[in-house]
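Read the single chain below, which is given as structure tokens and is the form predicted alone.
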């Protein structure tokens, strides 16, 4: 059975304030889903409900078909989460800090050393395993936090805005780590308020605002369904300068409505169509042999779509 996370009419109220309202959302398979919303939208509340850190006012939080609140041990046995930004004791080394986590998670003592080293290797912190955490940068500490999530080798990983508070280099490092986690048949549910982060890292996006779900689909389909003009926007990067003659050729490709330059080696294409049309466009561009090195939904298009949806939700 493939891994799954499901909210069934999930609601959380604090007196008269509703932090989460009647959330119905089912995530399945091995992929990364971005949970996108502004600060205060209900993202952390949702993740805390899925880890039973708080109890729902109504509804159910399910992991692999098991209610988290009524059977927490079974539901969370294949799951690990990093909620908000926990602090590591500065006097400990990563090996010492992660040994505590491994003990808490019930990792057999004979396996703990190997699991910890594998986890630190996965986040590129193995060479720092015996250094005091107090001397680490914020980005390095966050990588150790992510390593703590990996110790139990979970099938499901929940991350709550993992790049918050990091400098650009730290953000980039953490995003690359999250991308690498996708290669190991895991379901990753990652909250964020950064549209470019979701576009760069995630396969699908669930949008939330004021505690209500606005949409859940692939990023391209969300842009296509909810954009003002019904178009999809793709950003493409090249290893060489794209001159006007190549731009003219690209503009003539099937389903391309408009092509424009972002800079000398990056362009933005507006297309009419869904994921199948993108697949065909990617194939045509590859056949042109013009040094294409990246192909992804436009962060600016997702931002425009999201802002339009928030206006409608107000």
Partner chain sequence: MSNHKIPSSIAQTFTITKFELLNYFRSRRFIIMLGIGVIIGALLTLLVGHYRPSGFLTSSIDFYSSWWGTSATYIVILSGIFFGGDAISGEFQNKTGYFTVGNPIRRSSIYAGKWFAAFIASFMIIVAFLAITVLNNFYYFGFNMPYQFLESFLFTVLYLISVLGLTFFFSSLFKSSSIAILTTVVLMLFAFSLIQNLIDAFVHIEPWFLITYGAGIIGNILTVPYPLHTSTVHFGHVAITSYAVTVPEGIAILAAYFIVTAILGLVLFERKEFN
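For clarity, every value in this text was computed on a predicted model and none was experimentally measured. Positions refer to the first chain, counted from 1. Here, rigid core means the biggest group of C-alpha atoms that superpose within 1.5 Å across both forms.
In what follows, reference is made to the form predicted in complex with its partner chain, a form of this protein that is not presented.
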_in the predicted bound form, does each of 254, 258 and 308 have a heavy atom within 4.5 Å of its partner chain?_
no
*Please pick, from 191, 199, 148, 163, the one residue with any non-hydrogen atom lying within 4.5 angstroms of its partner chain in the predicted bound form.*
148
_Quick check on this chain: which one of 239, 172, 91, 121 has a heavy atom within 4.5 Å of its partner chain in the predicted bound form?_
91
*Of 213-221, 231-239, 121-129, 95-103, which is the one stretch near its partner chain in the predicted bound form, taking non-hydrogen atoms within 4.5 angstroms as near?*
95-103
*Is residue 76 close enough to its partner chain in the predicted bound form to count, meaning some heavy atom within 4.5 Å?*
yes
*Do residue 275 and its partner chain share at least one heavy atom pair within 4.5 Å in the predicted bound form?*
no
*Wondering, does residue 168 line up within 4.5 Å of its partner chain in the predicted bound form on heavy atoms?*
no
*Heavy atoms within 4.5 Å of its partner chain in the predicted bound form: does residue 203 have any?*
no
*What are the residues of 119-156, in order along the chain, with a heavy atom within 4.5 Å of its partner chain in the predicted bound form?*
132, 145, 148, 152, 153, 154, 155
*If you line up the core, does residue 80 shift 2 angstroms or more at its C-alpha between this form and the one not shown?*
no
*Could you check whether the CA atom of residue 199 moves 2 Å or more between this form and the one not shown, using the rigid core for the fit?*
no
*asked:* For a quick test of reading the superposition: does residue 178 move by 2 Å or more at the CA between this form and the one not shown, rigid core aligned?
replied: no
